[in-house]
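Just the one chain here, laid out as structure tokens, in the form predicted on its own.
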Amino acid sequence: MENELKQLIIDALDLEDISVADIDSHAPLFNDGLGLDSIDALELGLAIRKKYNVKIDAEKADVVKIFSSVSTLAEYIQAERS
């Protein structure tokens, strides 16, 4: 699931210079980690909704935690799908 999600991030955000192997599952997606911003989060949220039929509500209190890493994002998607 994590590698699939990494590929989705690369494709959805057109990250041409990054491969699945370059993304650490536990590294932050924003700021010092992958360096994503709020626009990237919106695009990624839409891509996740399309691919997995899982909506991530930006108003949720734990949205920052959900988007903190590939690992936490994968856990959330798997929990919502089951």
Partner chain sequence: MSKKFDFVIRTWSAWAPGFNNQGHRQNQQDMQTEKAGLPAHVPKALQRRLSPLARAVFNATDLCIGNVATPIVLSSAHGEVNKSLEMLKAMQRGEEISPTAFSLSVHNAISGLFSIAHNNHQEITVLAPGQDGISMVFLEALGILHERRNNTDDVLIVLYDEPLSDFYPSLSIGLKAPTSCALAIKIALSGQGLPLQLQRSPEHRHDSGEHALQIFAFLEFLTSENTTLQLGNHRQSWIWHKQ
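None of these values were measured; they are calculated from a predicted model. Residue numbers count along the first chain shown, from 1.
The form predicted in complex with its partner chain exists for this protein as well; it is not shown, and the discussion that follows is about that form.
Taking non-hydrogen atoms only, residue 23 never approaches its partner chain to within 4.5 angstroms in the predicted bound form.
Contact check for residue 57: no non-hydrogen atom falls within 4.5 Å of its partner chain in the predicted bound form.
Contact annotation: residue 37 falls within 4.5 Å of its partner chain in the predicted bound form, judged by heavy atom distances. Contact annotation: residue 27 falls outside 4.5 Å of its partner chain in the predicted bound form, judged by heavy atom distances. Taken together, the three residues 42, 46 and 49 all lie with some non-hydrogen atom within 4.5 angstroms of its partner chain in the predicted bound form. Along 1-26, residues 13, 14, 15, 17 each place a heavy atom within 4.5 Å of its partner chain in the predicted bound form.
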